[in-house]
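One chain comes next, on its own, written out as structure tokens in the form predicted alone.
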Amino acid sequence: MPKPVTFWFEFASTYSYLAAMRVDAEAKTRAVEVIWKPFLLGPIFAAQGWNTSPFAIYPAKGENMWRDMQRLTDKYGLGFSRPAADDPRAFPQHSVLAARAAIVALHEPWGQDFCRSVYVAQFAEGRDISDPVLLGDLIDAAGGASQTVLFGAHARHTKDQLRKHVEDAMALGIYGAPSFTVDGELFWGNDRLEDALDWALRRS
């Protein structure tokens, strides 16, 4: 059997949106198991001396990323809405509650649908994913019970689990999202998704 691929995603990450919408179909064609793992880039960036995304720190890099996102969402047939340039809260969004909710949701068969819906709400519809009302609606729409999941998202063990995900990501040398790990090998970026899955096949 192929080795499983761990998909490390951050809800505030533009390129994680692309990967989240593609990974299942690509994995299915290869019969590779994918383990979804939410984490936070904030602590990882802070360890490198950054207080926000490098796309926000370096304007030229950010502008090219937004243009790249338009090209790629057109290519993949995905919706896209660029955040308002004059709203510093619009990117990167505060993703902690969404990540905690995902930890709870991913124990359920509808968990991945919820994760994808968070990305669509943010990057296709321009909505605020830190809003618990929005997250509750997305949980219900995916097939879950919003009150139960959001209660679990605030539980100490869920907060501890997200913190451990960040620590594990750091230990693996992860520095950006999306990232994919398989059998000790690290692949970074949406454009390395297929390479990670193919590597898993080679390690079977």
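Remember, predicted model here, so these are calculated numbers, not experimental data. We number the residues from 1 along the sequence you see.
Keep in mind the form predicted together with a further copy of the same chain is missing from the figure; the text below concerns it.
Put simply, H107 is far from a further copy of the same chain in the predicted complex: not one heavy atom of it is within 4.5 Å.
Of the heavy atoms in N64, some are within 4.5 Å of a further copy of the same chain in the predicted complex. Looking at D168, you'd find every heavy atom of it more than 4.5 angstroms from a further copy of the same chain in the predicted complex.
For the chain shown alone, F151 is not a contact residue for a further copy of the same chain in the predicted complex, no non-hydrogen atom being within 4.5 angstroms.
Although the partner is absent from the chain shown here, W50, D68 and E185 each have a heavy atom within 4.5 Å of a further copy of the same chain in the predicted complex. Residues placing heavy atoms within 4.5 Å of a further copy of the same chain in the predicted complex fall in a single listed stretch, namely 173-181, out of 131-139, 158-166, 27-35, 173-181. Of the residues in 5-33, only Y15 comes within 4.5 Å of a further copy of the same chain in the predicted complex through at least one heavy atom.
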